[in-house]
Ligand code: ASP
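Okay, so here's just one chain, in structure tokens, the form predicted on its own.
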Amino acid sequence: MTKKVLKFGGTSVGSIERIKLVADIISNEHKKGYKLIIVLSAMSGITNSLISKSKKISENFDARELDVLLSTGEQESISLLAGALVSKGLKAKSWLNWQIPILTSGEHGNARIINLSKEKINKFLDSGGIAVLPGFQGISENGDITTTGRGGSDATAVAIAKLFETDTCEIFTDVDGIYSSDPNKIPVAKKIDKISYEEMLELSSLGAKVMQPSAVQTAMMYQIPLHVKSTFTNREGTKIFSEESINYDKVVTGVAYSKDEAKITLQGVDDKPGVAADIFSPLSEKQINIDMVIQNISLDGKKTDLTFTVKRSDLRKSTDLIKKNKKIKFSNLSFNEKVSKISVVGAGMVATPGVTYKMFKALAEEKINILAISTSEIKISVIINEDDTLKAIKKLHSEFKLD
């Protein structure tokens, strides 16, 4: 009998009516003979509400207690769904993270699943039962409740699919699948029927919010087929699997953007071996991720200007660390937090010359200035002024015939 993981996001279980709809979907899958493991997020808005409550206590609410607080969201949703399934005459049961248990490692708020006990779940599945499990959370080796970061229910679903060796992992959300760009901003954005792990990883890392990057990475590592589909329509959705299985009709698959960017520039830095390491070492120790890096060396070869980008939320922390860093000298520190990152992604770019030229020409035609550039085999990203974001993604969407 085929084993499946079905994961439902917060909007899919955002009300009692929607929970009943999810129960109908699960019931139909169960009638087809599948063994089902269900993974749920908290009801939409609940996690934000809990965070808001914690901030009314303290802006520096204890990390351990925040995980305890946030984990209550999934307890509510799994209980309501299991109850809905039982009321339909199905054998269903919810488990909290510590009842399984779902074992994690790492710090509070950013833990990762390393293992879980399968015996009780498998026994329940073999008896015809439907297992309803919480996403986003686990328990540490010393018994503390942990969470895996915002959007972590996707990572939970993929980890469970790996550990239970299921045939597929289906991610149910409020959109019909993966689109060539944000359909809320670009109404002519096209739904992508099939996409490679590599492309999906780039898109999710670059701001596409349909799937969490770590979940895509895990699926890619263990070759777990993913299927993103809507809870509310019967459209086929988007299948995510290995690159060899994709037939590329377009060089560029999608255009992604992120407004969560800030640009930092250090001018007049000594141009000598190890200076970049000295700049970035304190940032690394504080878990600040550096994205794009550009270095311009002066004509005399003695000084350099260094520009790099960080998440906007890390800007103040980054500049404070640089100012306190006694190992480096510079003449000026400047920053710009009103920037966004625009990216074109496509595995077909590897074998197609001229994509960079087309992208830069298209932006130039719209008089959009490029502030920084980063490339990989299947991605080109640029930093531009935030006010030009919508104009840029519309132009690139049209330029690469994604409408």
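As the structure is a prediction and not an experimental result, all values here were calculated from the model. Numbers follow the displayed sequence, beginning with 1.
The form predicted together with this ligand exists for this protein as well; it is not shown, and the discussion that follows is about that form.
Contact with this ligand in the predicted complex, defined as a heavy atom within 4.5 Å, holds for exactly one of Lys250, Arg150, Lys88, Lys93, namely Arg150. If you check this ligand in the predicted complex, you find a heavy atom from every one of Ala42, Thr47 and Phe136 within 4.5 Å. In the predicted complex, this ligand stays beyond 4.5 Å of every heavy atom belonging to Glu202. Contact between Glu74 and this ligand in the predicted complex is found at the 4.5 Å heavy atom cutoff.
Residues within 4.5 angstroms of this ligand in the predicted complex, judged by any non-hydrogen atom, belong to 150-158 and to none of the other stretches in 325-333, 150-158, 218-226, 259-267. Contacts with this ligand in the predicted complex, taken as any heavy atom within 4.5 Å, map to no residue of 85-114.
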